[in-house]
Ligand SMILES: Cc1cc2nc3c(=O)[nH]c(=O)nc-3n(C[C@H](O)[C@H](O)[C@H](O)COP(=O)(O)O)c2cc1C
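First, one chain by itself in structure tokens, the form predicted alone.
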């Protein structure tokens, strides 16, 4: 039992049954008028039902449409929005949770102002900022989508006058009172992430010489005035707090922790009941995964602990904090409340499962950044591991109910798509048989868990979940038409995975060349004698020892063991710089290999959500990995590899290598599917068998196929 995390607490007079808050996270489910309707209500209700004590809403537009980042942002600027806000409070309270509305004005990133021809409100006319030397690593389509979302026009800046700032304080106070009238429990003012208040706080953006510029006190004046104006409207007992940046990463003359600590003191004097600590960095590039979206565990905790030394009110923080870590830091007095965003997107029932001692049943976030990539394109949120997220109105009730038309279902393939399909079908009451030709479940996910640890958490969850369901699991079982006829299923879900085309690169058949399948089989202990024959005697002995000791059955053990020994040389070429190639390159580099990645396309790791792509490519460059885009490999020789650029008229080059991994060639597995169809029952193709869709596509395919069985 996580006694500290699950203990009750208070913010002002707001009583909370545990210390888990849903972090404010842009989801953009509302229609393009800012009005809350049933889809948004169902999204929040599922998270309230899941047991979080406090839900902090996505950032809403206090002055909607002015200052909004998107038309798909909740409005709080007039009584037109009051019925939806009231309904939101009611559905959350139905499940004994509390809700705070986060009020925001997006300042320099108020894209809706640009779209609709309004000037952007800022503290000062911006000055040139240092340019990042990192490549932007976006596809042409992504750039076009971002430009469209940004308004497709050049923004015009309006330097805020004192009258503008007085009006801003009045608008926020009116919005706070409207939230209170709606039955909302509290208000959080968004003073972070480069939005209007954060811009006033930052010396990198605020060059004013009046009472709103210069000292920390002056730069904090606007937010403090807004807090006082809100407090005057909502009264002394209504919970009210602010979210602030502890630091601005990699921004010359940006916000410092010392500034933030003093700002927190001023906010407490102005009347806040808590301080919510976050941080900020350049949102275009790897900085986005420093802040506000944190790539490393507990990224803001030390900042929050420092600020807590300066205030007597509760301190809230986010930053990729796992439940055990959250329990520990609360117990140590570093923070008071943990806010979780991505985790509650992946599993809304996380708090309930913790309270019931079912921690191993929590669907984990794999930090793939698909969710936070969507607002860049003005799209509603989605989750790679939870297809029901933001689609609760279609799926939430179905997932809690049994089918009235149970079918006998054969799932062929125990990878992520097959596991998802079999589990959802069994939960709905179907009679499910799952066949997997190998000796273990997981398929490509088991191999993907080796270079990327969060995938192992998902693998463990999928195995745990299906193990608790009435699914007939048959390992080491080859499914043939005869087998299908004997089982007589009503439907076959074909999760047989993709087929790999043989590489046409001259030299691809040499002993030191592995494709993804042979490398997977080798490292996971399922390699054939033919695969092992490619290895040296020492490597063969090491692989066999790994099997005997069980190391190759566990991604975490194998991940650790591979740091000491791997059956590959020191200089590795990875052909194919997509998601798989990039993850393998990172894995190899962490094990001291000199790695060269060759990609024929213009952008590496294109299959990754672009925020994760930014982070991975940055980390690869920092690790010394050589990345070649728009490059074609011409030949693999015994000790060298020859290649040429595809977009420039330059001569071919040759470098020395010891081993090669070909991370390309996956295509739809139509041949295997057609064999299954010979048996007669309808066959539904899911996952990579129908074309490579990677993990999020596989999970979604399996989920939807199981739901559609009705």
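Since the model is a prediction, treat every value here as computed from it, not as a measurement. Positions refer to the first chain, counted from 1.
This protein has a second form, the form predicted in complex with the ligand, left out of what is shown; the following refers to that one.
Q) Exactly one stretch in 589 to 597, 468 to 476, 340 to 348, 256 to 264 has heavy atoms within 4.5 Å of the ligand in the model of the complex; which is it? A) Answer to the contact question: 340 to 348.
Q. Of the residues 354, 625, 381, 491, which one places a heavy atom within 4.5 Å of the ligand in the model of the complex?
A. The option sitting close enough to the partner is 381.
Q) Among 23, 689, 699, 20, which has at least one heavy atom within 4.5 Å of the ligand in the model of the complex? A) Contact residue from the list: 23.
Q: Give a yes or no for residue 59: in the model of the complex, does one of its heavy atoms lie within 4.5 Å of a heavy atom belonging to the ligand?
A: Result yes; residue 59 sits at the interface with the ligand in the model of the complex.
Q. Is residue 372 one of the residues lying within 4.5 Å of the ligand in the model of the complex, judged by heavy atom distances?
A. Judged by the heavy-atom cut-off of 4.5 Å, residue 372 is in contact with the ligand in the model of the complex.
Q.
Is it the case that residue 610, even though its partner is missing from this view, gets within 4.5 Å of the ligand in the model of the complex, heavy atoms only?
A. Because no heavy atom of residue 610 falls inside 4.5 Å of the ligand in the model of the complex, the answer is no.
Q.
Residue-level question: is residue 108 within 4.5 Å of the ligand in the model of the complex, judged on heavy atoms?
A. Close contact is absent here: in the model of the complex, residue 108 is far from the ligand, nothing within 4.5 Å, heavy atoms only.
Q: Identify whether the ligand in the model of the complex is within 4.5 Å of every residue in the set 122, 158 and 221, based on non-hydrogen atoms.
A: Heavy-atom distance to the ligand in the model of the complex: none of the three under 4.5 Å.
Q: Residue by residue through 223 to 258, tell me which have a non-hydrogen atom within 4.5 angstroms of the ligand in the model of the complex.
A: Sequence-ordered list has one entry, 243.
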